[in-house]
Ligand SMILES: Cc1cc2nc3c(=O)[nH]c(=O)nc-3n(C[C@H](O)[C@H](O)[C@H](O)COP(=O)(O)OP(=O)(O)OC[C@H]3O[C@@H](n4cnc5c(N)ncnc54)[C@H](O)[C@@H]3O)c2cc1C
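Coming up is one lone chain in structure tokens, specifically the form predicted alone.
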């Protein structure tokens, strides 16, 4: 049996796992099965009480835990060192992560330490005993796919985008065994220090179940208030495409896209947005996309489709 496939995670857990980890565990379980090996989960920092049971329900055989004062909050240097030490001890077949800003900061640096490959924007991973590892990734903002064939040897580090897989639990699985992973971070000093943290107030766009976004097709800055009104009526949050931020119509905290927020709402309403790949990279994980556009050939209509989203029970303003 080859070494285990390891899914790594950290940060706020909802229902036992951070956002997107259930998808990565589903991909990891399939890949581990093809290799004839186990699936492990590595949790760095705080862990919810229900995590072992939830991890077990996705086929995790063992849950490794790194708990050190230096990983209590996200610190890139400490995380890279902790993961490098862990991989030296365990030699995982592959290390899989859900892609976000933090994992992107860690993945490439860790791969450099391991002398292995780092792949971003992953959507699938395949291979088997005697077969090369192949990672399929999204490219050009989601317009196409590219397949990387990874050389044998060092542990590859792969980050998967949101909606890469449909999460599938395993019936009758028990809680994963929890094992403390020993690392020594006493000599780690962060080379970049945060002197003033960004402060946000109110709900985050990334957490919204309903988003109404406006684009340049709105015509004028004054019309963005219609986006805000519709979002409020639906009980959601307003968003926008990059041109509105570039033109100074809307604050950058509202931008959805490759260089903005990566969202995964149940309902995404795009008004006056053409559907460029850079914007769709921030909302293509939505369960349902509704497009409002005068151009019948707009690219956004290739993504808009009816789905299973249901309106939450609430009273809407008249």
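These figures come from a predicted structure and were not determined experimentally. Numbering follows the first chain given and starts at 1. Superpose the two forms; the largest set of C-alphas matching within 1.5 Å is the rigid core.
Not pictured, yet referred to below: the form predicted in complex with this ligand.
- Query: Any idea which of 171-179, 89-97, 236-244, 131-139 reaches within 4.5 Å of this ligand in the predicted bound form, heavy atoms considered?
  - Reply: In short, 236-244.
- Query: Is there a heavy atom of residue 290 no more than 4.5 Å from a heavy atom of this ligand in the predicted bound form?
  - Reply: It does not: once this ligand is placed as it appears in the predicted bound form, residue 290 has no heavy atom within 4.5 Å of it.
- Message: So in the predicted bound form, is this ligand close enough to residue 28 to count as touching (4.5 Å, heavy atoms)?
- Response: Close contact is absent here: in the predicted bound form, residue 28 is far from this ligand, nothing within 4.5 Å, heavy atoms only.
- Contact between residue 127 and this ligand in the predicted bound form at 4.5 Å, heavy atoms? No - in the predicted bound form, heavy atoms of residue 127 and this ligand never come within 4.5 Å of each other.
- Message: Is it the case that residue 167, even though its partner is missing from this view, gets within 4.5 Å of this ligand in the predicted bound form, heavy atoms only?
- Response: Contact with this ligand, no.
- Message: Just to be sure I understand the contacts: of 285, 46, 253, 276, which is the one whose heavy atoms reach within 4.5 angstroms of this ligand in the predicted bound form?
- Response: Of 285, 46, 253, 276, the residue with a heavy atom within 4.5 Å of this ligand in the predicted bound form is 276.
- Note that this ligand is not shown here; using its position in the predicted bound form, name the residues of 20-40 with a heavy atom within 4.5 Å of it, in sequence order. Heavy-atom contacts to this ligand in the predicted bound form: nothing from 20-40.
- Message: If I superpose the two forms on their rigid core, does the C-alpha of residue 41 end up displaced by 2 Å or more between the shown form and the other one?
- Response: Stays below the 2 Å threshold, so no.
- Message: For residue 273, does the CA position differ by 2 Å or more between the shown form and the other one when the superposition is done on the rigid core?
- Response: The answer is yes, as the C-alpha of residue 273 shifts between the shown form and the other one by 2 Å or more after core alignment.
- Query: Rigid core fitted, is the C-alpha displacement of residue 299 between the shown form and the other one 2 Å or more?
  - Reply: Superposed on the core, residue 299 moves its C-alpha 2 Å or more between the shown form and the other one.
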